[in-house]
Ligand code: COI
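Here we start with a single chain on its own, the form predicted on its own, put down as structure tokens.
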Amino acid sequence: MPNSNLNNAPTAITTSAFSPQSSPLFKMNNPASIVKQPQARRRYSPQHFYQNRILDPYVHQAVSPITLRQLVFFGRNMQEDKLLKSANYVRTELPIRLAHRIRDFQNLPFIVGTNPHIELVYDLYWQAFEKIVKIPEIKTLEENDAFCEMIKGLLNDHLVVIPQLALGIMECSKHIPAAQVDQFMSKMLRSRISRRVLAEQHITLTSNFNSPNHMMTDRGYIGIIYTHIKPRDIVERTGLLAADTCRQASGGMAPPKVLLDGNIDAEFTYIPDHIEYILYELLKNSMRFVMQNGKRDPTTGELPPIQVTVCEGTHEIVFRVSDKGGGIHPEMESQLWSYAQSPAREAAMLLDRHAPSRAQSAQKSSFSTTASSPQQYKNQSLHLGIGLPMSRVYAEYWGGDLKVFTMHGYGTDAYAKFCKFGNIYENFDD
């Protein structure tokens, strides 16, 4: 790793107060989405399996992957013709990506496919596919506005997808091999990220274009992409959110401090929500283990702090999250990246019952990357236990990586790597 030019004095991240920014990605992936179930929908229909003449042509088409750099360059200096071109790209690309995942559902064992949670997600995908394929070429700004409103509605409908998928897979884990579960879930999550990136980028570009002063406004955002991300800001926001989650889960116990050093003021271009999700999960896990197993300082009575070190290399930014929380038990470590049900995952289904309820506020600010309303909290009865494997999917999506090294009885180091230049194509399994 290139020289990181570490600062001598680490920065302490205050966790005594909670004031994180609202994040659309948090809202989309939180187990609180289960609370408000969607209205009754059509269930698995035989025609979905045996009348696939509409689906088949889309399944046989390859997706057209993009890079962050392409999104940034295209989104600058937006004009009407470019906006309509973006709309038609999204209109033609979303059905292809949906069709591939619908076919994956159809290839599941029948007993898995008829699980009510799996069935609900499958039906949501079918409805979205049917709606989008009926839209003709978008030729006017008015047609684009109507298209964006429809896509917003679909995005809100799909807020339940991840918790429903996770529940369905856990309930069916005895009927499908763990390797097939992991492959299926990774495909579903990668494709879901890709669709939401395309949809939210276009929706945000449209919103900005419709703003009276859109040509004069430059806050560093190009759609949902931020061109001036600083590690210090990301760690502060996610540290506050993780600390509040752990404080709620422990009944008021103070979480450990977060110390930050390295290239904390480096700047790079990325989607903030993706990094925030990953660092939130890493910091939350570290805090939980330190609060459960950490040895307090005999003089101050404080728990050992969590150290976040940022290194800026030639092509990447790396975040290292280090804790002295006793490490990960070998049984849990062997299943760290699996979505399948396991004793270790069942034991972990505790913490996020106190996680922020993001589904409610999502209806107010689902598409604002700069919303500032405080998170609302509600006790939940379920923790899905898939935050870490999901984090790796987010890290790998734009060519990054996530690795965890643990010493049972001492502590854990997690390394999250992100590409600086945005020139890596989306990571697909298709």
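The structure presented is a predicted model; accordingly, all values stated were derived computationally and were not measured. One rule holds for the numbers: they count along the sequence shown, beginning at 1.
This next part talks about the form predicted in complex with this ligand, which is not shown.
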Candidate site C246, L279 and M287: all three near this ligand in the model of the complex by heavy atom within 4.5 Å: no
Okay, which stretch from 147-155, 106-114, 304-312, 253-261 lines this ligand in the model of the complex, with non-hydrogen atoms inside 4.5 Å? 147-155
Within 4.5 Å of this ligand in the model of the complex, heavy atoms considered, which of R196, K187, R91, R237? R196
Heavy atom within 4.5 Å of this ligand in the model of the complex, from candidates Y125, Y339, F319, Y226, belongs to Y125
How about R192: is it within 4.5 Å of this ligand in the model of the complex, going by heavy atoms? yes
Is V161 a contact residue for this ligand in the model of the complex, using a 4.5 Å heavy atom cut-off? yes
Counting only non-hydrogen atoms and a 4.5 angstroms cut-off, does L98 reach this ligand in the model of the complex? yes
